[in-house]
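We begin with a single chain expressed as C-alpha cells, specifically the form predicted on its own.
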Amino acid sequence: MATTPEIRTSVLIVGGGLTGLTAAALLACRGIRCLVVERHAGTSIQYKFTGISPRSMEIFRGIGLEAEIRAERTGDQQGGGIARAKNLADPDIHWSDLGWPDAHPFSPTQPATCDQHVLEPILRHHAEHHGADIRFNRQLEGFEEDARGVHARIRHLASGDEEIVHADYAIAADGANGGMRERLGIDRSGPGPLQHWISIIFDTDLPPLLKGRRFTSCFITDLNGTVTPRAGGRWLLALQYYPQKGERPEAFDAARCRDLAVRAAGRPDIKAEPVDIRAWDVAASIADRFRQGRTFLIGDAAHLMPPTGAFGGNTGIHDAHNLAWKLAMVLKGEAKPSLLDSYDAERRPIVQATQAQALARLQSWFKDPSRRLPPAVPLAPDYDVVFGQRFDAGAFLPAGSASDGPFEAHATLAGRPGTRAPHLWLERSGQRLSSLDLFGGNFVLLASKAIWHQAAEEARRRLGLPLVCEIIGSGGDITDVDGRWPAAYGLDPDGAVLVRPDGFVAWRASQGETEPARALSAALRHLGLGLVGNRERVP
C-alpha cells in the first residue's frame, strides 16, 4: 500500500490570498522556506482590495516590488474622481475627491492603486522566484501541533491525492471563513456582520466616462451600490442586499445581475455579461488572540473591518510584515522564540484602534439602522493611522512615559521606540535614498559618531547577531541632505538609535553613553536577540 508523501518546510501558510502571498514573499526574501496551500484554483478574480497605502508601498518597496506594482496602475483613471449619481446616464453628477493624500514629505513613496486580482499574481511570482512553494487547489484536511512543530494533511481537490506537511510554524491567512481560527479554538468579538453585499464582475463596452470625465468609481443611488470601471471593459458592480427582506445571494443569478448592470448604466443598449458573482459581508470582528502555540493569525483570519478608510487589506499587509522578520530571526537561531510573543502584543491593540477608526468613518458616511455599532471614536487623520502607529508593548525598549492614544501625529514622528522610524532624505555615493531604505534586512544602528560603529561591531561579535551600523554625517559615508538628522530621531549628536528590520524603532540612546557597547548589548539581550546554539558567543 502506497504511503502518503511527506513535505518538510519551515513555515506552512494556509491561504494564498493577499496576506498569505505577502507573508510568503516577505519570508522567501529572507531565505525562509515556506509552503502556501490555497483551496481555490488560482489567485482572486475579484477586485476587492485596491488602494495600497504609502506605508504598505514602503513594505513592497523594501522587497523590490514598487516599480512593478506602479506599472499596473489599475484603478488609476488619470485624474478620475469619485462620483455620485442615480445611474451612469444621469446628467446630475456629484463629484468628490476621496483617497489617500500626498504622502510627501512623510515617505519616500506614494500610495498606489492596484486591484487585488492584479496584485496577487505579482506577489505570487515574487515569492516563487525567491523559493516559496505555492500550491493552489489544495484543501486542508487535518492540522495538529506537538513539541516538534505543526503537522497538516492536505488534499489536492482535483486528484484527491493527499500529502503530509511538517513545519516549524504555521500562519493562518485563510480569511474570515477559512476554518483555521476555529480549528485553533480562538473566538472573536465585535459587532459582526453589518452589511451584506454582492460583487458582480461583468464585461461591458461602456466607456469609463461620466459626461466626458473619467471616474474612479460612482455610487449609484438607484441601486444603493457602486460601479468601478477598469481598463479592458471588465467592470465591478457592488451592491447591498437585505436578508431581513428575504433577499438571498443565490437569487443573484446571471440574468438578474445582467439586468442590474444595465440599470446601473441607465441605458439598455450596452453589453453587460456577468463573469463572477460573489456575496460578502461588511463586518467588524477581532480574534481574541492572534497566536495559538506555533500558529499565527494574519489578515481577515485575525480581524475584519469595514472598507471605510481603506484600512482592512493594508492592515493585513502590516500583520505579515510584523511577523515575517520575527519568524525569520527565530528560525535562523538569531533570536529566542519568546520574540514571537511580541506579534500579538504589538498587532492586536493596533488592529483594535484601526478598526475603531474604520467604524467611525462608516458611521460618519452611512446610517446605522441596526444600532449595532459601538460609539464612534474621534476621527484621526488617515496618515496618523497609517504612519503613526505606536506599540504599547512588544519588541522594543520604552523610553519616557507612555502617551495617550495608539497613534502619533505622522508629521512629527521623532524616533520614539515602538513607532515607525521617520523618513529622511539621505545621499550615499551620489545616490539619493531614504532613511527607510537602510532598513529591511537586519537590525540597523544609526549614529553620528564612530564610537557607535565600534560598539555595534563588539555587540555583533559577542551575540552572533547580524547587525549593521550606519554613520550619518562627517564620520560616515551617508550625507544628511536636508539637515534634519539627528534631531528628527530625537537624538543629540552623540546619541544613537536601533531600528528593527520592519522599520520600527527598538531602542534609543538620546545622548551619548559612557559605555556604548555595553548599553547596546544590554538592549539587544533585552529584546531576546543574539542566540547562537542557545549560548552567547564570547569574543
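From 1 onward, residues are counted along the sequence shown. On a predicted model such as this, the values are computed, not experimentally measured, just so you know.
Here the subject shifts to the form predicted in complex with a small molecule, a form of this protein not shown in this document.
By the heavy atom within 4.5 Å rule, which residue out of 419, 292, 285, 116 makes contact with the small molecule in the predicted bound form?
Answer to the contact question: 116.
Counting non-hydrogen atoms within 4.5 angstroms of the small molecule in the predicted bound form, say which of 489, 60, 49, 504 makes the cut.
Of the listed residues, the single hit is 49.
Counting any heavy atom within 4.5 Å as contact, can you tell me which stretch out of 61-69, 474-482, 496-504, 35-43 lines the small molecule in the predicted bound form?
This holds for exactly one stretch, 35-43.
Is residue 396 close enough to touch the small molecule in the predicted bound form, meaning at least one heavy atom pair within 4.5 Å?
Although the small molecule is absent here, residue 396 would stay clear of it in the predicted bound form, with no heavy atoms inside 4.5 Å.
Evaluate residue 530 for contact with the small molecule in the predicted bound form, applying a 4.5 angstroms cut-off between non-hydrogen atoms, and reply yes or no.
No - in the predicted bound form, heavy atoms of residue 530 and the small molecule never come within 4.5 Å of each other.
Might residue 300 be said to contact the small molecule in the predicted bound form, defining contact as any heavy atom within 4.5 Å?
It does: once the small molecule is placed as it appears in the predicted bound form, residue 300 has a heavy atom within 4.5 Å of it.
Would you classify residue 134 as touching the small molecule in the predicted bound form, given a 4.5 Å non-hydrogen atom cut-off?
Answer no; every heavy atom of residue 134 is more than 4.5 Å from the small molecule in the predicted bound form.
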